[in-house]
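Only one chain comes next, encoded as structure tokens, the form predicted alone.
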């Protein structure tokens, strides 16, 4: 599913103009991205939690050459689905 699909489905159900729906969807995603950039936790009730974690630097190997390298510290985005979403996915067949 793409952002355009989300706009189309919301347009069909909301009764608003497609332009207004697209603006709302864009605003929603920009708000979520902004919060995650600030390392805030984003909790969508009934859907799940998005969090940003810090990973420390570590040693690794280049699989092609076997050369040892240092993998830089970085931030990673994690998502944990809510129990409601997990249950809904597992009961739908």
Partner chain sequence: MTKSDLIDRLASKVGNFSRKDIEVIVDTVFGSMADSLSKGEKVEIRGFGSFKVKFREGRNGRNPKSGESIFIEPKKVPFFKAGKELKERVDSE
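Numbering follows the first chain given and starts at 1. Keep in mind that what you see is a predicted model, and the values were worked out from it rather than measured.
Keep in mind that the form predicted in complex with its partner chain is missing from the display, and what follows is about it.
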>> When the contact criterion is heavy atoms within 4.5 Å, does residue 77 count as touching its partner chain in the predicted bound form?
In response: yes
>> Can you tell me if residue 71 lies within 4.5 angstroms of its partner chain in the predicted bound form, counting non-hydrogen atoms only?
In response: no
> So, in the predicted bound form, is residue 67 in contact with its partner chain at a 4.5 angstroms heavy atom limit?
Replying inline: no
>> Check residue 28 for me: does it contact its partner chain in the predicted bound form (non-hydrogen atoms, 4.5 angstroms)?
In response: yes
>> Do any residues of 31-52 have a non-hydrogen atom within 4.5 angstroms of its partner chain in the predicted bound form? If so, which ones, in sequence order?
In response: 31, 32, 33, 34, 35, 36, 37, 40, 41, 42, 43, 44, 45, 47, 50, 52
